[in-house]
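The chain that follows stands alone, in the form predicted on its own, written as structure tokens.
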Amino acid sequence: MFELLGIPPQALFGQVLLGLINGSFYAVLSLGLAVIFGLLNIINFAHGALYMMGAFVAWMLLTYLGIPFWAALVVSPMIVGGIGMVIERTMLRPLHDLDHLYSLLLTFGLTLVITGLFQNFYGVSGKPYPIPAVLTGVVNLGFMFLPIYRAFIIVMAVIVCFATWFLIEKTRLGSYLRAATENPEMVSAFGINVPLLVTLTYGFGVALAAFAGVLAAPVYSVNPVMGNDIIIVVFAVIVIGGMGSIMGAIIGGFGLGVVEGLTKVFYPEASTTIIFIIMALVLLLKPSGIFGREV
């Protein structure tokens, strides 16, 4: 079996796979942030806490009600999305006309409250969540063994990302959303309930975070701080791809996940910082992001 720069193919492809898995979470979470910021101009720092909440809701549905993974994949995003809509209606709407800093501070405070509540009730130790029986096991690709559930994560992330891009960029509903962002008064004049549209959009962005949380539950232990580290990386992905850019969030998420994985092979010391190095370079060369629009 060939080696690339002295690296065995099993190690190389294994890290590419790991990068794609991490990239799947980066892409779906970044997509939710891009939807919320791009269409609503809200910097949602609570995204990581809502991702954690999605995983915890799936765990609670299974532990207390016996509701399996497949149902939780739908029910958990709906529940967390509903909570997100309440947050938008009651807390974020009064800040709509104020500077972005106010929504950032509010959602940062919400992160502390949500994380603190879950730590108080469930502690900091991880809660196990089983992989669905049909997705257990591995597939032998010849050069490596591919865990079926990991492949499922990548496929589901690609489907959700494409469906969201299509919804926002290619449908009438998406055109209403974009128009409501640019000129809400004109859209209201056509009889469209813009405040409801805003609430549903925020709920949808939050539901994407919860969906990623459900996918993450069998891979990582479900714990109250699981969203703290990933949200920093996701914000870096958003900056690199372009704040509010749907395509930037998708390509940036998957691409940077792979870059991070390859860095672990060729230069492990930089694996935790490579995304932030790329972010710094992008900010120097194109502050609006690779796919962002120049202001």
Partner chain sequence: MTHTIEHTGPGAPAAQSDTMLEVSGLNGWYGESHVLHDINLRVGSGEVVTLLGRNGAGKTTTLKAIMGLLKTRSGSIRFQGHEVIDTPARSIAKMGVGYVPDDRGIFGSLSVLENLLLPPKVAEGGFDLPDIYELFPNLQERLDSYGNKLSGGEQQMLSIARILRTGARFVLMDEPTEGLAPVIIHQIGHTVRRLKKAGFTILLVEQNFHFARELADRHYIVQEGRIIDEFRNDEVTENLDKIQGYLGI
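Keep in mind that what you see is a predicted model, and the values were worked out from it rather than measured. Numbering follows the first chain given and starts at 1.
Absent from the display: the form predicted in complex with the partner chain. The rest refers to it.
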The one residue among L146, V75, A179, M156 placing a heavy atom within 4.5 Å of the partner chain in the model of the complex is A179
### Query
Does A133 reach the partner chain in the model of the complex, with heavy atoms at most 4.5 Å apart?
no
Does I192 make contact with the partner chain in the model of the complex, using a 4.5 Å heavy atom cut-off? yes
- Item | V187 within 4.5 Å of the partner chain in the model of the complex, heavy atoms | yes
inquiry  = Is S175 part of the interface with the partner chain in the model of the complex - any heavy atom within 4.5 Å?
reply    = yes
Partner contact check in the model of the complex: of 193-201, 156-164, 212-220, 78-86, the stretch with a heavy atom within 4.5 Å of the partner chain is 193-201
